[in-house]
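The chain below stands alone, shown as structure tokens; this is the form predicted alone.
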Amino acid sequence: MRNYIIKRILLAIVTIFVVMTLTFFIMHAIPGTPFRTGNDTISEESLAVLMTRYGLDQPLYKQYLKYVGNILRGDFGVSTSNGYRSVTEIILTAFPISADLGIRALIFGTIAGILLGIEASLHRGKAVDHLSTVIAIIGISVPSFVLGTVLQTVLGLGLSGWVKTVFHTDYQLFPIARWQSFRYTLIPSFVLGMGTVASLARLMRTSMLDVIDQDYIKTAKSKGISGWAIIWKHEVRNALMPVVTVLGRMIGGVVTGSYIIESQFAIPGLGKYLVNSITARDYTMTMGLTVFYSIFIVASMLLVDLLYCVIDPRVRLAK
């Protein structure tokens, strides 16, 4: 067990280092500089001063060594496209909002997806099973911005108009933008979590159906064990293994935020900074956010690998 954990941690460190290195050289291979983003209003003298000040006139290997050293100290540099603010400061300010949105969506998507998959497998071919199929199709095939627009129109504007007509008040149960109180989080969290619901519902259903037909389930039934004990202690626990594998990848993608959802609902998260930094050739911002995202995603995958030992005792016994 200890050797397994050490191997996974070492592999995670190597993965982050590779991502960090590739990001650095790819960004420096893009033509142009962070100080010229499509217009030539800056003079050559000013450009030379800025290049020298931020070390971009040095040989590439020196820039790389300095970049690695700064990263190891937790210094991601300053963002040239955001008023020369510290990248670390931007992450500390914007990431909690993206994480808040992502955690809400992940909790909703995980609970709803797993429960829907369990119900669909226990009532195979019935209404609940067909409903899970419809939800999965909607969640996977309908783009998030389309679903968000529909809910903004129906729940945000339509319901608010009905409330105003009936109760003569401007109270909005489902606000369509901004990120303030709990009411503002409902629609964006639902929209972002629908993809998780769709994926986990179908996967949990398939996994449960595979487990239900196993011999040890038939043995448990023959011993007279209650139905709910068989479902939760034997079927669900064993069916969760492939679900946890997929969930590990989802954690990184959902919690780090969604640029589309954040833009559509005017949520001041971290996603917009990454997209804007790429178009602005903001080296430090792009590299800093990429490394930060990679650390978060690799850490979530590492956590999932360690959870295997909790969910399945056979992993602990494997040589």
Partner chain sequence: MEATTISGKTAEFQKDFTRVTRDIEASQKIHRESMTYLQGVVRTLKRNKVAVCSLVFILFLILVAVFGPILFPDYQKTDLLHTLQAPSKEHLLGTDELGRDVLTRLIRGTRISLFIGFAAETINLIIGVLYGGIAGFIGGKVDNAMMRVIDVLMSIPQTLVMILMLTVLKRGMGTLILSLTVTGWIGLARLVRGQILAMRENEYVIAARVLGAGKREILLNHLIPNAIGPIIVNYTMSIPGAIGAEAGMSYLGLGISVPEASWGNMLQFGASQFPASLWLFFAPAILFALSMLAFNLLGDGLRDALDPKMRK
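Residue numbers count along the first chain shown, from 1. Rigid core here is just the name for the largest C-alpha set that superposes within 1.5 Å across the two forms. Everything numeric in this text was worked out from a predicted model, so none of it was measured.
As for the form predicted together with its partner chain, it is not shown, yet the points below apply to it.
When its partner chain is considered in the model of the complex, residue 85 lies well away from it, no heavy atom lying within 4.5 Å. Using a 4.5 angstroms limit between non-hydrogen atoms, residue 128 is distant from its partner chain in the model of the complex.
Its partner chain in the model of the complex comes within 4.5 Å of a heavy atom belonging to residue 283. Looking at residue 293, you'd find a heavy atom of it within 4.5 angstroms of its partner chain in the model of the complex.
Heavy atoms within 4.5 Å of its partner chain in the model of the complex belong, among the stretches 188-196, 150-158, 226-234, 208-216, to residues of 150-158. Across the proposed site, 4, 70 and 91 without exception lack any heavy atom within 4.5 Å of its partner chain in the model of the complex. For the options 287, 254, 270, 267, the residue carrying a heavy atom within 4.5 angstroms of its partner chain in the model of the complex is 287. When you look in the model of the complex, the only residue of 107, 177, 138, 173 with a non-hydrogen atom within 4.5 Å of its partner chain is 138.
Residue displacement note: residue 63 has its CA displaced by under 2 Å between the shown form and the other one (rigid core superposed). Once both forms are overlaid on the rigid core, the distance between the two CA positions of residue 270 between the shown form and the other one is under 2 angstroms. When two forms of a protein are overlaid on their rigid core, residues whose CA moves 2 Å or more are considered shifted, and residue 246 is one of them between the shown form and the other one.
Figure legend: C-alpha atoms of residue 277 and residue 61, shown here, are separated by at least 3 angstroms more in the model of the complex.
Relative to the shown form, the Cα atoms of residue 282 and residue 57 move apart by 3 Å or more in the model of the complex.
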